[in-house]
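Let's start with one chain on its own, the form predicted alone, as structure tokens.
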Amino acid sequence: MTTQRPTGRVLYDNTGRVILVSGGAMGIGRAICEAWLKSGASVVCMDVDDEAAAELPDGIEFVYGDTSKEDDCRNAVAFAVESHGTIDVLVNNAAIQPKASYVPVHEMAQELWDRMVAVNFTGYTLLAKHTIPIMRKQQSGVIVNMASGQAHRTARQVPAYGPIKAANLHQTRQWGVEYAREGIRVVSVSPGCINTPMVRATLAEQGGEAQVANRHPLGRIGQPEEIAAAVLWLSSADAAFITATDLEVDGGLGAFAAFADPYPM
């Protein structure tokens, strides 16, 4: 079975717009940075991975920062504003899901739980806290919170990542309602199984990509560029009436009953 794949074409003209992406050095974050760069935007990537950031395409500006630290978030926002005058779009993408977190809740280490909350939840809040005053002043802006399919449904031995991602959904709702009358839209995207380095490592332990791909109604896992395309659209004027809500980009997996047989070829 074949399905449409991302074309890589530029969907929107974002010339003059400024975007700050956390966790933008690899995977989905990098695809978002690259898509916005191609569309003409000024792109600032915040990440802790210096080595991966060194391989970003020319034109993407890098600022080192750990999203769990308020000073780092404040500095990243200040860097974007000092370099480009404003921030039009914030993408809260930085997140961690260490292998050690795949345990039942009674075996969850306190230190690991605290770190995941700090990066995956508090980090979103800290970047929004320092970006929203800029957007309020200009009476416009879009915040995109990267959630997950795990925010909507769960499995065994994932007591941290999914619940924290579900909290990202409520951040989206609350901020969206709070700032709607000030020209600020807040949306989230919930990716499914996407072809990133972290996911490829996990798939290798689960029997390979083909087996997992066949669980999807579309017959494949997703590509980072497809999440980037969703972010481009949600941040555009075409989505001007969309706020305080989530978009699942998962190849139909979330709608497919767990008790069903693998999807027919």
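Residue positions are given as counts along the sequence shown, with the first one as 1. These numbers come from a predicted model, not from an experiment.
We do not show the form predicted together with a small molecule, though everything after this point is about it.
Only one of 191-199, 172-180, 132-140, 99-107 lies within 4.5 Å of the small molecule in the model of the complex by heavy atoms, and it is 191-199.
With respect to the small molecule in the model of the complex, the three residues Ala128, Arg185 and Ala239 uniformly fall beyond 4.5 angstroms at the level of their nearest heavy atom. None of the heavy atoms of Ala160 is located within 4.5 Å of the small molecule in the model of the complex.
Taking non-hydrogen atoms only, Thr67 approaches the small molecule to within 4.5 angstroms in the model of the complex.
Contact check for Met26: a non-hydrogen atom falls within 4.5 Å of the small molecule in the model of the complex.
Within 4.5 Å of any heavy atom of the small molecule in the model of the complex lies no heavy atom of Met116. Put simply, of Ile164, Val144, Ala94, Ile87 only one has a heavy atom within 4.5 Å of the small molecule in the model of the complex, and it is Ala94.
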